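A lone chain, given as structure tokens: the form predicted alone.
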């Protein structure tokens, strides 16, 4: 099944950056004006020239935001609040004070058969200095559909946001901002989709939902549950602090010594840690065991298919008379009980024909049928032998897998026993020490304070319980909505999974399987199986494997979600950093697959080094699908960079030659 796409993504046509002081050459600010081609636009330059800033400028122009580094992934409605302060500071220093109110970014892009032109200043992220929309009637003719000449800059920004969300079909501008900044942008902060549960839950909810209203509801419920959990944790923390104050008060009393609080507390914390670790280990092994069972099912299914194929071929092989039986004259005789040659009639006609055929003789002339010289029969026999070998091979794989599954089952049973055992120990400890905190001391003043502490403790403890109950009341609706997402993903698997496997194999050279997984009560994610092992944690992969398999996932989502004629544009910042030369070449092939085979787009930056990634990409794309931009034309190089200018030029020339196919 091929996806029809869900969203109209933007296709950037032109970028103009005016009065941006960072881009200066010979003490004069460069007026950057770039036509962005379909395919790959690559901005290459030495370190420190402003390549990352270029991508941030594009995202700022489109969204009014730059993501702050080192922050967790946010819900769409939280992104602006949590990043507006960082955005307002980000360009200070990159733009001279004297230019700040003049500096601006202009972006022209196409979406849903319309052309947008926006101009956003760097002094007010909530405003647009200009906003125009045109209907693309044909290549040379456009028609303006926006008549807001008297609108304020802030009103233009609001109109732009609602128009873009509507044309993209993504429900809200906040959803667009999330997708643009977290999914379609792979920047220097290297935020992951595979291993960040918030990012994956938000993304999958948007990507695999029939209704945008359901997506909005999932994100609302998630937010509500997180707020309630936060309140519950705060109340629990307050209760804990009160309990500590009680302990400090009791610490002055002999009874505290009898209770031996410190030792009990250490034992309690240790038991909690053991339960958490054993639970995590149990669930991970459970997931690995489940994978093995699924692989068994797949191999059993393959064996069954081979057996069906074998049965069909064997039927053909064991019926050498089929050609004669299907002969129209023989068929006529059998149907009419009449010899097709002499016209004799009777039941014996059929018996004679079948007897001859049974004895491998021609029903008319009694000539012996020689099967050994029958080329078709020999081909069928060869096919049967080949299928035999395949079945034998699959049976060996299955036998090995069953052996591995049996061992994993023992491991799982042991992990389950340890998990249950650790919980029982914790419950026993809690039961034995249930009243340890609230004994009176015999001292009136101390007991009065303890009574006050106890009241406050119980109040905060109850408040925490109430918040958790409110959260739990939202869970059934939330889980049902997540179940719908999972069902939609299952339906999309036949297209989505092979797509990811193709892109990831271009990079890693191995077949990967990808799975949908519920993670805890609130999150959903995708994880994959590499070399027969489920990789549930990011540390199970090297840095470069993490980065580029995550980019492969983003590319798969872009291809799956984009409607024809409205393909996506990925922004990728200096991807080559963690790669050796061999893998640079493979990543270049993966990028080229994304652009050439699926007509998607990449705006990327690259350092100037061995650049095998760029050479491989340029060879596959050629000048038609890739534009290579030297950043030296925008900015001055440092003295150190000038010393290496000859080397830079050699790299540039290598890439130019690759683009020209030389």
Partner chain sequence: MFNQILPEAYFDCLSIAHKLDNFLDGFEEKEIHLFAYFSAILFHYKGAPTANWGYKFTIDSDGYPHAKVLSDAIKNNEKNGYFEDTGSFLIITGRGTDEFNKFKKLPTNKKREKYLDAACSTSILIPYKETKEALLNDPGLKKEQQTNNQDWVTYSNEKLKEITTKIGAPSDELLLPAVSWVDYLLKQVHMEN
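Computed from a predicted model, the values in this text were never measured in an experiment. Positions refer to the first chain, counted from 1. Throughout, rigid core stands for the largest set of C-alpha atoms superposing within 1.5 Å between the two forms.
There is another form of this protein, the form predicted in complex with the partner chain, and it is not shown here; the text below is about that form.
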If you check in the predicted bound form, is residue 526 within 4.5 Å of the partner chain, heavy atoms only?
no
Please tell me whether any heavy atom belonging to residue 431 falls inside 4.5 Å of a heavy atom of the partner chain, as the geometry stands in the predicted bound form.
no
Since only the chain is shown here, I'm wondering whether residue 484 would be in contact with the partner chain in the predicted bound form (any heavy atom pair within 4.5 Å).
no
Give a yes/no on whether residue 399 approaches the partner chain to within 4.5 Å in the predicted bound form, heavy atoms considered.
yes
With the partner chain left out of view, choose which of 125, 501, 471, 191 has a non-hydrogen atom within 4.5 angstroms of it in the predicted bound form.
501
Proximity to the partner chain in the predicted bound form, single hit among 220, 427, 290, 154 (heavy atom within 4.5 Å):
290
In the predicted bound form, segment of 68-76, 559-567, 89-97, 300-308 with a heavy atom within 4.5 Å of the partner chain
300-308
Out of 464-502, which residues reach within 4.5 Å of the partner chain in the predicted bound form, heavy atoms considered?
490, 491, 493, 494, 497, 498, 501
Did residue 560 shift 2 Å or more between this form and the one not shown, C-alpha, core superposed
no
With both forms fitted on the core, check whether the Cα of residue 586 differs by 2 Å or more between this form and the one not shown.
no
Core-superposed comparison between this form and the one not shown, residue 299 Cα displacement 2 Å or beyond
yes
